[in-house]
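So this first bit is one chain, no partners, the form predicted alone, shown in structure tokens.
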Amino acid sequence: MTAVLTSEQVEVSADPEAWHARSIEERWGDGAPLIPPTDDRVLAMLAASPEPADHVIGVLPPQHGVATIELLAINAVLAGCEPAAFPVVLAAIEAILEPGWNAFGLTTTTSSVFPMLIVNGPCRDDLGIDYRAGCMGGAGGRGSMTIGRAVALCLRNIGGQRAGETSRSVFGQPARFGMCFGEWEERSPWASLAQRAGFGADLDVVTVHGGKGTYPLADIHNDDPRDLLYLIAKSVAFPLSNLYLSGNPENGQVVIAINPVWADRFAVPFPEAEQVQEFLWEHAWQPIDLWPAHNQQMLRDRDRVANDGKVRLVGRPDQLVPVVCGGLGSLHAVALPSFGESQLQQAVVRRPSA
């Protein structure tokens, strides 16, 4: 049965430059060119949804816009998504709307935080979701660029997120254009991120992380994998991390993207991902005397200082989350620091019944 579109329609010029200028004027987009959401394009997107066009998936902050499947489809068209990728967008929105992700807080804060999507499962290659070299920018996979952008446009056009208005973000970050990458499961020595969360390897799963940006790590001097992992732990526990601002070290995760070559090295002493997490947690701390005196007192007042003077970044090992992706140059890793007042959320990608 063909869907009946109910959204307001406007006439626009067929000239691409005029259409782009109109989208800027009307504030429909993110500054980059958009695909016009014609009826045919929106209907093709809706055909890929497991829910009807008028189904309400939730209410998107900060202005409490009602997110129907039709409105989500319109924004997916604007972003350049192909219909086969639309269910991944829907799963990402479902995860964002989980209370534990704290969507209102993350869309209104002064922080740079934004949804960072990590995809597991068979759909990665079919949809062009980048997980090899350049997976966090520049690889050019259509799925990565358009799925992340579709989610960002939904927050803008349905949720009403506007920098300097409803969003108080001081700097923002490049991921506010949209960020989506996959895990290189085939090169990981450990169970995937989705499998560690209890999902089967045959499922397509989207994990949404409230990440403040990308924090590059590099090393060419350490042959011992324990020494290298120790330095990663110390590097992610930087003193001005959001996770030190809070009195609750149990809230929030740091995602640590490890390239496959480093992952193979770490897997020798740590054959399970949980062992990596335990080692990271043991060393992701700083001594209290690293901070100036008035900061030390604030940390003590928040009960963040252990009897031995250690100030741990997080309260539990599972808050330090390794993910294997990236190219085969063994020089680099990337940390995705946490906003803190948010928890990773996951959703299974659902498609229409055959």
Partner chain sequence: MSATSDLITIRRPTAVPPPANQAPAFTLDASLAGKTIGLRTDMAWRSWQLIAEEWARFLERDGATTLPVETMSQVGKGGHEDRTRIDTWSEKVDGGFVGLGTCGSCTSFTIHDSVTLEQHEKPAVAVVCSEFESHARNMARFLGHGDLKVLVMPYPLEARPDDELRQIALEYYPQALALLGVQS
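Residue numbers count along the first chain shown, from 1. Just so it is clear, the structure is predicted and the values come from calculations on it, not from any experiment.
This next part talks about the form predicted in complex with the partner chain, which is not shown.
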F104 within 4.5 Å of the partner chain in the predicted bound form, heavy atoms:
yes
Determine whether any heavy atom of W28 comes within 4.5 Å of a heavy atom of the partner chain in the predicted bound form, and answer yes or no.
yes
In the predicted bound form, does R226 have a heavy atom within 4.5 Å of the partner chain?
no
Any non-hydrogen atom of E165 within 4.5 angstroms of the partner chain in the predicted bound form
yes
Assert contact residue (the partner chain, in the predicted bound form, non-hydrogen atom within 4.5 Å, options N251, S235, Q195, Q277) equals N251
Per-stretch contact check against the partner chain in the predicted bound form, the hit in 66 to 74, 307 to 315, 47 to 55, 285 to 293 (non-hydrogen atom, 4.5 angstroms)
66 to 74
Can you name the residues of 4 to 40 that have a non-hydrogen atom within 4.5 angstroms of the partner chain in the predicted bound form?
L5, T6, S7, E8, Q9, V10, E11, V12, S13, A14, D15, W19, E26, W28, P36, P37, T38, D39
